[in-house]
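Given as structure tokens, the chain that follows is alone and in the form predicted on its own.
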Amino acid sequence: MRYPIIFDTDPGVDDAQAIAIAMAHPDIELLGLTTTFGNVDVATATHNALLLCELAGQNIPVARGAAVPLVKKKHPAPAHIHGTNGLGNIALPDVRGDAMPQSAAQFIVDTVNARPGAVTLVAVGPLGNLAAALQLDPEIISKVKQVVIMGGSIKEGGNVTPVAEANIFNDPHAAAHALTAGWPLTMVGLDATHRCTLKPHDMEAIATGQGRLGAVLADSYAFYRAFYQQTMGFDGCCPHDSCALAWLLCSELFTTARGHLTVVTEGDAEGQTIFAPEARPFIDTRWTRTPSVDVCLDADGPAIVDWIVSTLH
């Protein structure tokens, strides 16, 4: 089975790894990359998306999207995690291509409408492009095949606040719209991605199999690895965004539950994703007013890393 996907991204070291998978895996038809602010500003994200495609020798459409959050003030990009240029501050070659003339949201709407029932949206950054696409054409809710979100956290806690994961925190109002829209959705959050560690020997294998792109992946990984060593105390990195693609193709490696999501948009818990399991009663209905979705609560980390390496080696 082949999966036509749009990959919504803010590259980003782990985004770059995931984009490589999307271009390399024979069961993925990469229809386009849509870019957003997040790990970097949207101009840098767009540059990096174009560059990664060129390094892989592929002509993938790239559409530029959200530059700022829907409501809240934009936080500075996390240069201490991904580098100022998003790829570990390594020297990068010039980009020859250009982004498409239409916006990311319009590209999503046009592509979904051209292939109703076929397209999967895989979003691994803040969710402004999905929210904007829903505003342009609410009917895409019934036309997408499915939506896979890398973001959020249920039991794991947050990575940018005590309770919030970065993608959701960066634009909680967009996340609230996208995660509760009513389309077929799976959230792959920190409860799953923190079970996965891409070790240096894994990246060495990837680098040997990906040519010019592999060199960029490996060099940017070194910067990302240093961040994990300093802050998390282990040698390697969590390939967060690749896990969304792993779920798409190998869902049996994940433990999921069905229920209702709520996104906190204000206050100390801003960006928190609250999950109410479908079968559990609560004191009132506030937690179950949103449509049912699937949420990943655990994952077979070593098997997922093996899948990532085997795809890219």
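Sequential numbering from 1, following the sequence displayed. None of these values were measured; they are calculated from a predicted model.
FYI, the form predicted together with a small molecule isn't displayed, but the following is about it.
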item: Contact residue in the predicted bound form, from Val216, Val124, Ala192, Ala133 (heavy atom within 4.5 Å of the small molecule); value: Val124
item: Residue (of Ala104, Leu87, Leu179, Met150) lying close to the small molecule in the predicted bound form, criterion heavy atoms within 4.5 Å; value: Met150
item: Non-hydrogen atom within 4.5 angstroms of the small molecule in the predicted bound form for each of His82, Glu165 and Asp241; value: yes
item: Options 88-96, 233-241, 201-209, 109-117; stretch whose heavy atom lies within 4.5 Å of the small molecule in the predicted bound form; value: 233-241
item: Heavy atom of Asn159 within 4.5 Å of the small molecule in the predicted bound form; value: yes
item: 4.5 Å heavy atom contact, Thr273 and the small molecule in the predicted bound form; value: no
item: Contact of Asn48 with the small molecule in the predicted bound form (heavy atom, 4.5 Å); value: no
